[in-house]
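Taken one at a time, structure 1 and structure 2 that follow are two forms of one protein chain, written as structure tokens.
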Structure 1
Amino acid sequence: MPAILNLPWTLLADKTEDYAWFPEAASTFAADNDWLYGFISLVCIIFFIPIAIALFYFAVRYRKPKGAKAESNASHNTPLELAWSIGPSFFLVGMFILGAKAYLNHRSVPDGARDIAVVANSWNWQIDYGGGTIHPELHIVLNEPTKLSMRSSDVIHSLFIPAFRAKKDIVPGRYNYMWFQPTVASQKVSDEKLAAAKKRMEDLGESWDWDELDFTPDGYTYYDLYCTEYCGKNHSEMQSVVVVHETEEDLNAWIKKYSQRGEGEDADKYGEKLYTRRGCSGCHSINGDKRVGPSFKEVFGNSRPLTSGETVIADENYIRESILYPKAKVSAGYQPVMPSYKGQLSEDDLYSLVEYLKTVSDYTPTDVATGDQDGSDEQTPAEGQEATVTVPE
């Protein structure tokens, strides 16, 4: 790489990183892509400046008074015309070759790359680490080629990691893929700093403030991950993070932590984690606000009018069915856009989510059995159905 082409952009990126000239370069793609971008920009500047100067010079030099008769003074200079026609073509061919090599590199996944499944929903990410562990954060290993096998459950999405200079559309009805190799590991904040941040968020009664804290609830610094294809109302909230672990052991320890409910952990507390982790918060509030789906504050134990004209009591079985078969009984006033979580949640996960909904819903325990207290005729669970969820062993 010629030093004269590389120097200005390296220095400028270092000096203007806080001004988002370029995000941090954290993958093997970043250096090549940034250099190519700088080269093309330099060529454009080299041609633009003399063209702009000539434009203004000719406009002044050959300006005629208003009403003056135009003169015919056409001339022909073959060497000059060949120079400005053929000369730039060398730059264009060079740009094409460099761009083609970069594109083919992005599409050629090396052998032995780690394969991670990604499902894009409106409006959340589901990263599948195998063994039933699904999380919205992407966790990978330093210097290890990683392939993302991606699909969409609804509309077109696009996964973009600026620090990796990697982006790919995700189209419903087909699989698409992308790969990258991270070169900069995420840092772990001190236990004291992490504990202080968690306490502050708990005291304020707020969810984790990603922008202010700049590290995950597990204490890792991160790289941003966005959806860059407009996919509906909450497109701007379809964000996640990438954490690069220094070792395979560290990644496996993180996966194990999220593989199931911890020993002795209350089901409702684990359900709260699933509410955030599985993207429920993007469509269902817990404070009564109307979003794409009904608020969880108004769900459990209360009567639910359906688009079919029926009314049901939102008991444990209704919640379970709505998670696994969301289009079976759609709440009135809402569209059937929720994806199915069948095969993605264990029975313990479903139980934990139900228990969490009980803690945030406005209801009394007798509502499920008796319906409204005003004597209205509400439907009860169908005959033969249990009105409870069995706690998994």
Structure 2
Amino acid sequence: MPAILNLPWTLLADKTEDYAWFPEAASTFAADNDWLYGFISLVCIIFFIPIAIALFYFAVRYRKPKGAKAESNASHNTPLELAWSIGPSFFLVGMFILGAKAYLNHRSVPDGARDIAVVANSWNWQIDYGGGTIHPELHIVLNEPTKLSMRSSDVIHSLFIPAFRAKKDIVPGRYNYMWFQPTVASQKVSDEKLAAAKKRMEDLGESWDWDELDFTPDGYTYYDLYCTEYCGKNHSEMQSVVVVHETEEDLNAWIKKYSQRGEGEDADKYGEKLYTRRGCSGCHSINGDKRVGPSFKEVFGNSRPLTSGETVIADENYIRESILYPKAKVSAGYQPVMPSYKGQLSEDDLYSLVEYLKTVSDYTPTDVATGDQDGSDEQTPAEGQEATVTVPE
């Protein structure tokens, strides 16, 4: 039956790619789910078509001028009515059992699944790969059962990966778990294509355009990851991607790339990466736009009026305190909604972020830029250049 149901779609696959019923099936759940969906739809159609035909046929066939009497005045027919009350129930029982079985499969995490911690906050995903590596993208390994241990630091969110047909709410105050086993790996795009895309984004002066490019800045094709529980203003922007690596080694290599500041990498360049990766960019712009939080353009070195009425100079200590204890000194005109990053950022991360803030701030550093330059700067000219171009200042 599923084969028959899927036949039209496979035949028209090329032409209907944009209009298909389902996104790509990329987990072990997908086949079950799509089969069940097809089965239910088939039952629905079997019932619906005769009902619709009868409805319109009767309306035409028994249409009579006013005053004409009905041909029959049967008031009831108990066996018939019992038949159509009880008959469909068998289909319902079938759907229920199939659905419940597949559901239990969703709930029973296999032993030895790779455990990944997920923290959702408005409106960012933070996926913890251990060892202090936190990144908004979810990277997993092909054919390996993966368990997500999820919690929220503010309101309810919900993690949804359409390609995996899996979804779970993330409720603050408790841990929720989900698991899946990816069956289709992401493709690695060619280096030229990646380089061309990066070049183009740089030329346009934009951050990565996920709508247009179907691969990540690391050059992997990806699956969408959405937040599906309404969580406030930027709910629709609380999206991320899932990348399925072919091998564990590939994944580890990717993690390593993001685990810490690279040897000889500039602090401010690394701070910029943290800015996008750790979700600062969700609330703080660098071009002066007022988002949920103040723009970084106007922070460092400037005097900040606080909600308490005081004014402070935004120096390194202030920024540090604001990252670790965001509610201690809240800028006037903003809500105290920022979650604390205490324990999530290493000293070096904090330092890098502060350095990055210095570079994007309007405030021209005269006395700030004293002796913080690494000697290693010269050793990585390529990286340095690249990043300088990306900073739109």
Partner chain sequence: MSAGSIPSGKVRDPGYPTKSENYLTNSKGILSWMFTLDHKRIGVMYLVGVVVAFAVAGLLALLIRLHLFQPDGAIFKGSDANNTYNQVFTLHGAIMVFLFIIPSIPAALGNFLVPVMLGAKDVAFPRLNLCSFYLWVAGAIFFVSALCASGLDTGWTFYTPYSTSSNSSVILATSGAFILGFSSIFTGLNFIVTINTMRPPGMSWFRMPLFLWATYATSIIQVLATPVLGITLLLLIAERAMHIGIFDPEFNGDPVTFQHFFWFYSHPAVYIMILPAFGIISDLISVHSHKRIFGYRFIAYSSIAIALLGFLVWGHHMFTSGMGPLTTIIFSALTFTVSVPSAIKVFNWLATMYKGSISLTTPMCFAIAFIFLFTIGGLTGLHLGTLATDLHLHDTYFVVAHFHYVMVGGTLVAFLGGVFHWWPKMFGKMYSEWGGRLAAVIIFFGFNLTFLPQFVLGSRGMPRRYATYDPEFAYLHQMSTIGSLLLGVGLLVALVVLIHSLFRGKRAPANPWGGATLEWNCTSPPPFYNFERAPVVGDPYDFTTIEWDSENERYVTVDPEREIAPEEKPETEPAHAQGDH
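Fair warning: this is a prediction, and the values are worked out from it, not measured in the lab. Numbers follow structure 1, counted from its first residue as 1. Here, rigid core means the biggest group of C-alpha atoms that superpose within 1.5 Å across both forms.
One of the two isolated chains is the form predicted in complex with the partner chain, namely structure 2. Residue displacement note: residue 110 has its CA displaced by under 2 Å between structures 1 and 2 (rigid core superposed).
After superposing the rigid core, the Cα of residue 190 is displaced by less than 2 Å between structures 1 and 2. Relative to the superposed core, residue 289 undergoes a C-alpha shift smaller than 2 Å between structures 1 and 2. Core fit done between structures 1 and 2; CA of residue 73 shifted by 2.7 Å. On core superposition, residue 64 has its C-alpha offset by 6.3 angstrom between structures 1 and 2.
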